[in-house]
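In the block that follows, a single chain appears as structure tokens, in the form predicted alone.
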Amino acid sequence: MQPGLSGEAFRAHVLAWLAANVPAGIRIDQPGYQEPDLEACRAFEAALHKGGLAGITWPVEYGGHGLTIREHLIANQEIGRRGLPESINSLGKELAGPIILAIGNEEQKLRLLPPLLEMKQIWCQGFSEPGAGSDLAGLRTRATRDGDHWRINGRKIWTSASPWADRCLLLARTGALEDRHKGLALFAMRMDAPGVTVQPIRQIDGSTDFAEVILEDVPVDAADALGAPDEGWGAAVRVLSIERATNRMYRAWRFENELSHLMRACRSDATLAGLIGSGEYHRRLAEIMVDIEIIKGYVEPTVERLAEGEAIGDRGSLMKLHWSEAHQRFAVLAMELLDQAPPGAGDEVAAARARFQSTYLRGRAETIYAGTTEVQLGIIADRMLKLPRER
């Protein structure tokens, strides 16, 4: 990529790169789509980085491209509009990476960040635990210092990407459980370390891309401890604010792509075309369009605030809450429409039905991961509205 590109010049670069480099059949909204396997996704994401479309804001010395979050937004807009595969390393690029940049030492940044962007290392996130639910401060996984190592014992649950991850951004307790927010530490744990057992969990759509991770006396080099032992809670909260507000920034534009795909499929069949012309579906489809524009209207000002050096803070809950609830409503509407197609409705309808059945099933988790709807409402009520708690 030509150095120094920004604004519309950068958008032109993104458009040209995508036109020349997106493999045939990888766009889920196009005829002939074939779901890519893990290695195909890894190769495509590595190519995105090489082409200047990933690691955009990271310093050049750590494998990035040294641009701004405005360019990051531009790339995400164009990636989302094309229905490209979901990132298999978003937890690394958008959660682990920023935390390492924020609290890691120089050696860690040089060692851990370039392989992450080059897709030589995929990351998962070890936060949630059995019994703790959404109460992150209630975690029990323990880290104990043992000479030049830490020893990790505990269990993590719903660990996305763990069946194929190389490292885990792991949160563990170094102090007493009663301390809650104190004595928590972050680690860049190797998933191939002795004592790590990954037990995939089959999801409602048949996939097994997340798992329970059992940790039995797992050795972690002291060099892989991120920040100070008491710095874990603050860093974890920062991770979650990023996850809720800016992780997978392309969601708004991918949502737009999904709506366009649904409309195209419905217009290809006379029965469905008649349905979307009815008053009820006029209203409901218009409401989805409003939802999409609201999400865009949140993302773009957030990017500007971040570009000016402001923190995301609790406002990340607004984005996460609205996107997850709106996307579930859309998935219900999409399946309701497509299920009314007559037999033999055509390839366009069949392809859309396959896409939105998966969207519907996986979407059941969207109001749970990165903090449940109830957690987000609690944050908004407690921290933003300053409402009193019931006694």
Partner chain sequence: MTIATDDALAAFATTATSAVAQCAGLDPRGRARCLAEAGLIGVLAAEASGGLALGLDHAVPVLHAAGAGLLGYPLLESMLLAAALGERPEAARIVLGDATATIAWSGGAQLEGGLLSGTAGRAPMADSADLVLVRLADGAALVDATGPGVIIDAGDGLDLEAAECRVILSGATPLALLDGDAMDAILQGARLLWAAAIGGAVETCLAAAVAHTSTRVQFGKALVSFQSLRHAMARQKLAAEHIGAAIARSLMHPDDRLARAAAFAAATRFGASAVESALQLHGGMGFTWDIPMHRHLRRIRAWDAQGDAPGLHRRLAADLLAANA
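Owing to the predicted nature of the structure, the values given are computational and were not obtained by experimental measurement. Numbering follows the first chain given and starts at 1. What we label the rigid core is the largest C-alpha set whose atoms superpose within 1.5 Å from one form to the other.
From this point on, the text means the form predicted together with its partner chain, which you will not see here.
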item	value
Contact stretch among 220-228, 88-96, 260-268, 113-121 - heavy atom within 4.5 Å of its partner chain in the model of the complex	260-268
Listed residue (50, 42, 27, 329) with a non-hydrogen atom within 4.5 angstroms of its partner chain in the model of the complex	329
193, 285, 132, 102 - the one with a heavy atom within 4.5 Å of its partner chain in the model of the complex	285
Contact test in the model of the complex: residue 377 vs its partner chain, heavy atoms, 4.5 Å	yes
Non-hydrogen atom contact residue 289 with its partner chain in the model of the complex at 4.5 angstroms	yes
Contact test in the model of the complex: residue 362 vs its partner chain, heavy atoms, 4.5 Å	no
Residue 315, heavy atom within 4.5 angstroms of its partner chain in the model of the complex	yes
4.5 Å heavy atom contact with its partner chain in the model of the complex for all of 276, 385 and 389	yes
Stretch 300-333: residues contacting its partner chain in the model of the complex, 4.5 Å heavy atom cut-off	300, 301, 304, 315, 318, 321, 322, 325, 329
Cα displacement of residue 194 between this form and the one not shown reaching 2 Å, rigid core superposed	no
Rigid core superposed: residue 277 CA moves 2 Å or more between this form and the one not shown	yes
